[in-house]
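Let's start with one chain on its own, the form predicted on its own, as C-alpha cells.
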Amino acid sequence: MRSVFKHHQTKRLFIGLLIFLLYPISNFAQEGDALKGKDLYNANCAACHQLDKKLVGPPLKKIGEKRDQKWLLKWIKDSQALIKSGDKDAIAIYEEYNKIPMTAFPNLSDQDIFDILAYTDSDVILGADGKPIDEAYENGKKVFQTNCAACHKLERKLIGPPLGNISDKRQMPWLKSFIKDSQAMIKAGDPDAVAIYEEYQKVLMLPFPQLSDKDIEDVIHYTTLGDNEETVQLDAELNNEDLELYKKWILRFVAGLILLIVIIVIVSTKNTFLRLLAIMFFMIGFAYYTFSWLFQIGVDKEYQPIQPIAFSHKIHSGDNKIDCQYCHSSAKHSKMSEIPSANVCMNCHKSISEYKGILYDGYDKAYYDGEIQKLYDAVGWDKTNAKYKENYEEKPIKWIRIHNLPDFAYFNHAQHVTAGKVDCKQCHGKVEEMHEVKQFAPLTMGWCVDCHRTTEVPMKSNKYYEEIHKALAKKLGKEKITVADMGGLECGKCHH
C-alpha cells in the first residue's frame, strides 16, 4: 500500500513539474511582435480607435492588461457573437458606445491579434534594426514637415526663426498658444510675440488650430532631438538579435532540464507508466528538434560572398546616392533584376579613374584605385588616352550570385517593384550601408507568406482594383485589402 501511494505522488509531482517547465514555452508562443502589430493596428483598428482617448470605440492603450487575452481573441474576431452569447463585458461596451457594432475580423489569426496587443500594450516599439522607435519623434517630424518646413529650418533662419531646441527658449504653454494662433497673441500685446513679428519683417505666421496639444508637443520633441539618426532612436537594452538569442538560451535551458529529468526517470524509476511517458516525451521532443534543425537547411540568410571586384554599395548607393534602378534597371520591367553589365559601370568610370571619397575599413586610396583598374582590365579601357583598346578580348567579371530562389518558386520583380511599389530595402535590407551585399532576408516561404498577409494593396487611382476592392470589402467586411485577400496565398501564384 505504501509503494502505490509513493508512485502516485511521484506521478503527480512529475506532471506538475512538466506543466511548470512548459508554461514559459507556451508564453513564448503567444508573444507578439509590436512592430508587426503597429502595421496591423493601423490597417484594421485605427479608423475607430486611438491609443490614448475615445474615438468611435474605446482607447486601446494597455488593453491587454485590462482584458483577458482569450476574451480579446473572441471579441476581435466576432464581437457580435460574444454580445449575443450574453457576455456581460461585451454588452457593457456595446451599450456604452451607442450600440455601434464593431466590425468582425475573422481574417486576423491569433498571432496577428497577439502582435496588435504587443503594440497597444508596449511603451517602446522596436524597429527593424532592433532599436526602439520614438513614436513622438516620428509624429513630430511628420507634422513639422507638413506644416512648418516651408517657413522654418531647425538650424538656421528662413522665413521664420530657427526651431532647433526652441523648448530651451520658450515655455510649452506659450508655444502652444503661439502655434495655434500667433496673430491673436500679437494683437493681445504679448511682448515676445510682438518682438518676433517685428524681427521677421512683420510676416504673419499662419494659425494652426487643427493641431492638437500632443501634435505640438511631438513637434517640439522633434525640434529638440533634430535630424541626427543616432539621437532619434533611444538605445535599447536588448536589440532584436540579443532578445532572440536570450529566448533561445532560455528554451535550450528548459529543454535541457526536461531532458535531464526524462533521462533520470527512464533510468531510475520502476513505475511502468512514468517510464513509458518519459520515453514517449523523449521521442516526441527528439523528433521536434530534429525537424526544427532540418528546416534550417537551405536558408542562406547573412550569406556574403567575396566578390571579384570590391564594389561598395555604401560608396555608390549610400555616399553618391545612385538609385538602385539605375544599375538594376530590369527590376521594374521584368521577372529578373539583372546584374548590370560593365558598360553601365563605364558610364561613370570613363571619367572616374581614381577614388577621392571617404576611406573605409582601413583601406587606402591605392586600394580603391586598384579595384577601379580591375574594371578597366575587364573591358579594355585605356584611362591614359580615354578610349577602349583596339582588338582587346574582354574578360567577363565573374560576380557571385547572392539571392537565389529554388526553381520551383516563381518570383517576378516587376510585379513587386512596379505594381506593388515594394521598396528594395524591404527584401534586400539597407544596401546603402553595405560594402559587400549580403542576403538580408531568409527568403523562405513563411517569410513571403507573412509579407502577403500584412501588405495592403494600393487601391487609389486604380480602376481595375476598384471593382475588386468593392466586392472584397463587402465579402470580408473590411476596408483595407491585403495581398493575401487578393489571392496572394494561392499555391499557383508562386508554384506553377
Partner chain sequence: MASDKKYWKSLEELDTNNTIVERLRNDEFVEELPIDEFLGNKESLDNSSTTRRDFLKFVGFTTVAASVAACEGPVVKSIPYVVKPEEVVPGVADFYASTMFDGFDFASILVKVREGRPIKIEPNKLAGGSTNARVQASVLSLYDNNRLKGPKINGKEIEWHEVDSQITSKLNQLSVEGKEIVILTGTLASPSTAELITNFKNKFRNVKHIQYDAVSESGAVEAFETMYGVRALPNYDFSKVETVVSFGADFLGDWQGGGFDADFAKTRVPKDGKMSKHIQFEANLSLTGANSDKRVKTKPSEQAFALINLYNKITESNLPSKNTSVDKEVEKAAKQLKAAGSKALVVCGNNDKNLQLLTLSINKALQSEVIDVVATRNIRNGVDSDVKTLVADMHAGKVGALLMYQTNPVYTMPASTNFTEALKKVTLTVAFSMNENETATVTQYALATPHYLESWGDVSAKNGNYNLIQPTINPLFNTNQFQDCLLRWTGSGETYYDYLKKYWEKNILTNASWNQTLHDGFYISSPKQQTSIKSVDLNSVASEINKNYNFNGFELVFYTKTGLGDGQMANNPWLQEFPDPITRTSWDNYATISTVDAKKLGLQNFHVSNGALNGSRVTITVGKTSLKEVPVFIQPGQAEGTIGLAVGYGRTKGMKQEMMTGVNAFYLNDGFKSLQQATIEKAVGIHEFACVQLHHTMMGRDIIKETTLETFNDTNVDPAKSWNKKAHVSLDHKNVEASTVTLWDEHDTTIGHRFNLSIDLNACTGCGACVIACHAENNVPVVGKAEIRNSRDMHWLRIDRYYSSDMNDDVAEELQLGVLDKFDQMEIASDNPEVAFQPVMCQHCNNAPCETVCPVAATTHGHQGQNQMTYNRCVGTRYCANNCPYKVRRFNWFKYKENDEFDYHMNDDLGRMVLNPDVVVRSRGVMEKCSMCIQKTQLAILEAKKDGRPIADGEFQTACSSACSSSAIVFGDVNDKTSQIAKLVEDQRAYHLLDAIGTKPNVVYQAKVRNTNES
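Everything quoted here is computed from the prediction, not taken from an experiment. Positions refer to the first chain, counted from 1.
The same protein has a further form, the form predicted in complex with the partner chain, not shown here; the description that follows concerns it.
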Handout entry: Triple contact flag Ser330, Trp399 and Lys475 to the partner chain in the predicted complex, non-hydrogen atom at 4.5 angstroms
Key = yes
Practice task
May I ask you to state whether Tyr410 is within 4.5 Å of the partner chain in the predicted complex, using heavy atom distances?
Solution key: yes
Practice task
May I ask you to check whether Glu338 falls inside a 4.5 Å heavy atom distance of the partner chain in the predicted complex?
Solution key: yes
Problem - is_contact(Val265, the partner chain) in the predicted complex, heavy atom dist at most 4.5 Å - result: no
Handout entry: Any non-hydrogen atom of Leu204 within 4.5 angstroms of the partner chain in the predicted complex
Key = no
Exercise for the section: Taking 4.5 Å between heavy atoms as the contact cutoff, choose which of Ala47, Ile468, Leu51, Ala441 touches the partner chain in the predicted complex. Expected result: Ile468
Fill in the blank from the handout: Heavy atom within 4.5 Å of the partner chain in the predicted complex, from candidates Thr384, Asn343, Ser351, Thr272, belongs to Asn343
Handout entry: Candidate stretches 399-407, 192-200, 253-261, 90-98 - the one whose heavy atoms come within 4.5 Å of the partner chain in the predicted complex
Key = 399-407
Fill in the blank from the handout: Those residues of 291-307 with a non-hydrogen atom no more than 4.5 Å from the partner chain in the predicted complex are Ile297, Tyr303
